[in-house]
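Next up is one chain by itself, shown in structure tokens, the form predicted on its own.
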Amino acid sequence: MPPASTFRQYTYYASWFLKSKLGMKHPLVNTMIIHYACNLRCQHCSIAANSDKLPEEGSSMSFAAATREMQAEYDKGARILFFEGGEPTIWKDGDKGLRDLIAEGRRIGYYVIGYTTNGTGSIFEESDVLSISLDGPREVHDRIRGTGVYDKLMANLERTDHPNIFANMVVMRPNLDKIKETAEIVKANPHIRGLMLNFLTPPPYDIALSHEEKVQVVNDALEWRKQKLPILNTERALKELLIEDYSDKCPYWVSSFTLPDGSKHYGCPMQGTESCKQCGFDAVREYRLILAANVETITKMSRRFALSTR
């Protein structure tokens, strides 16, 4: 299917927004957790911490099932598609890999297709947006993710000309004092377009920040934005990260989540859990602000995550 024009994309999003205000709510984002497998075991990863509890059956989605779910959510109105894991770049079903899923999403008609990665594997140029995990400078990143991971990530970035890669940093005790340095690394790297800050959504609880520490992070980040460090969070969303129990504000219905076994959540899979009451995800703040017609959020987030010219 040929790519939709920018005008068509804007028109669709405007229609979706107006319909949502009239009570006709349907997901705009289709988040597909295609498998739980990963080549790393990061300190803060709940999947790695609970790998012995995950069932072998249903731990990876087949290509046929993924295609079926992509089409089903597109038919309901989703136009933004994200693949997650585990590590999505190592997903396989026979001779099919992530590149084939991206191509299938493009054929179906999704406007924007992206994925989240630790950056140690292939970078798929066919995607519209990439979220790479960056937890700090080399020594901190490797302490959290494993020896040599930082250098693999940076070497892979040197080999790509992808125009829309951003770094995703989960702020927690092990990297609390490295946020500004991480933003400076991003600013100096021509392959990374900006840094998105999130707080750790526990578990684990022992490395999560206190509320007072979060306040300091937000105040610092707001100041660093003024200094032109490339922090992508909008100002209002940064402030709303201090609302830890976001359950009354969270627009759950904006994103559907499909798990590897085919089960589906309209809204975050953590909805209704203790983790939900300590939410550290910036994205749900940005979603709410878009629905509240916040101009900065609409212009900044749409340009980065919702428009494709491919």
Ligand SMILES: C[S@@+](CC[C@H](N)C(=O)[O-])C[C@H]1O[C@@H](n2cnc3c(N)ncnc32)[C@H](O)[C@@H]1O
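Don't overthink the numbering: it's just position in the shown sequence, from 1. Worth saying up front: this structure is predicted, and the values here are computed from it rather than measured.
As for the form predicted together with the ligand, it is not shown, yet the points below apply to it.
Residue 118 is the only one of 118, 182, 233, 175 with a heavy atom lying within 4.5 Å of the ligand in the predicted bound form. This chain is displayed alone, yet in the predicted bound form one of 257, 252, 246, 281 has a heavy atom within 4.5 Å of the ligand; that residue is 281.
The stretch among 214-222, 182-190, 104-112, 83-91 whose residues place heavy atoms within 4.5 Å of the ligand in the predicted bound form is 83-91. Contact check for residue 170: a heavy atom falls within 4.5 Å of the ligand in the predicted bound form.
Although the partner is absent from this view, residue 200 contacts the ligand in the predicted bound form, with a non-hydrogen atom inside 4.5 angstroms. Not displayed here, the ligand is approached by residue 45 to within 4.5 Å at the level of heavy atoms in the predicted bound form. Interface residue remark: residue 164 is not counted as part of the site for the ligand in the predicted bound form, having no heavy atom within 4.5 Å. Using a 4.5 Å cut-off on any heavy atom, the residues of 126-165 that reach the ligand in the predicted bound form are, in sequence order, 133, 135, 145.
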